[in-house]
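Shown here is one chain on its own, the form predicted on its own, set out as structure tokens.
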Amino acid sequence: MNQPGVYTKKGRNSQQRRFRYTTLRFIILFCAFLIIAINPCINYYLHNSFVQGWYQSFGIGSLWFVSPLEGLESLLITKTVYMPSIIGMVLPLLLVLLLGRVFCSWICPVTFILEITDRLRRAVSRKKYLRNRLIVVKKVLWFTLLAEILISMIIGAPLFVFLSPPGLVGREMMMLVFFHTLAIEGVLLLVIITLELVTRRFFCRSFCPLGALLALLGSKRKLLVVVESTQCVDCGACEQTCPMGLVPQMGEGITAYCWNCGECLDSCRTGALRFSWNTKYQ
């Protein structure tokens, strides 16, 4: 019997040029970052509030999108069902149920900053891959989520709203434009960036409560990274390049920890890895 996530049908021609997911993802990350970078300037200088907020709570006109974790915290703390918040979570929830934790890998402003940091590190060190020096058991991610929710309920305040790194990026930009200063909470972003010089995506892999909730909700997602066993030569390239510290060639692309970034697909020379929509395994 094959390992979970290993697809046994014959793969595509290994010489076929593969689509570069990493390039496309960087472009989308840049565009998403640009939205929250320009938005405060538009609000402040043009007095236009058509687009408001950042990726914790983001509004376009009367349409609002709410982070699932922010909505959950609000529900648990107030014990009140606030319908605008529930409606605002619908699209993000559909996205994660279908595609998994793609907000983290394709949209999150922290990921964009860490991508820049990673590229600068590679340019200076001339090393393509960064060996992860800080290893944390993957299951710590779930304890982070549980601890964050429990602490928020104990103190009676949404901890994630104040200390969410994706939210901090938008908040720091807003503070800079509106008040010409930075908030002290932004130090957390500096810590996360510094850790990126030692190990890739340390915070994202183990300590981001939003990432944990999205991973949990997306554990039964439809889009998966699968392995075509007849094509895999077990070279280890996908394991070296995976920012989540996974081993895609062993079928870990179907686990909750995979965030569907596509880096392993780009690194695979034989085309053994691919995205699959609701694949049935043999």
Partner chain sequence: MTGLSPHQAGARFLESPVTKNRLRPPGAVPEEIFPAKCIRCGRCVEVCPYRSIIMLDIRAGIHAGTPLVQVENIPCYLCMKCVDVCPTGSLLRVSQESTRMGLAIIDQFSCAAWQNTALCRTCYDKCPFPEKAIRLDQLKPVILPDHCTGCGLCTNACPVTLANGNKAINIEPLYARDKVTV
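Residue numbers count along the first chain shown, from 1. Everything numeric in this text was worked out from a predicted model, so none of it was measured.
The same protein has a further form, the form predicted in complex with the partner chain, not shown here; the description that follows concerns it.
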#### Entry: Option touching the partner chain, based on a heavy atom within 4.5 Å in the model of the complex, out of I149, M175, L189, V102
M175
### Message
Going by heavy atom distances of 4.5 angstroms or less, which of V124, I184, V137, L94 would be at the interface with the partner chain in the model of the complex?
### Response
I184
### Task
Could you tell me which stretch in 191-199, 114-122, 206-214, 160-168 has residues with non-hydrogen atoms within 4.5 Å of the partner chain in the model of the complex?
160-168
### Message
Is it the case that Y82, even though its partner is missing from this view, gets within 4.5 Å of the partner chain in the model of the complex, heavy atoms only?
### Response
yes
### Message
With a cut-off of 4.5 Å between heavy atoms, is S74 one of the residues that contacts the partner chain in the model of the complex?
### Response
yes
### Message
Residue-level contact is defined here as any heavy atom of the residue lying within 4.5 Å of the partner chain in the model of the complex; does F33 satisfy this criterion?
### Response
no
### Message
Test of understanding: in the model of the complex, would G59 fall inside 4.5 Å of the partner chain by heavy atoms?
### Response
yes
## Note on the structure
Looking in the model of the complex, the residues of 42-59 with a heavy atom no more than 4.5 Å from the partner chain, listed in order, are N43, Y44, H47, S49, Q52, G53, W54, Q56, S57, F58, G59
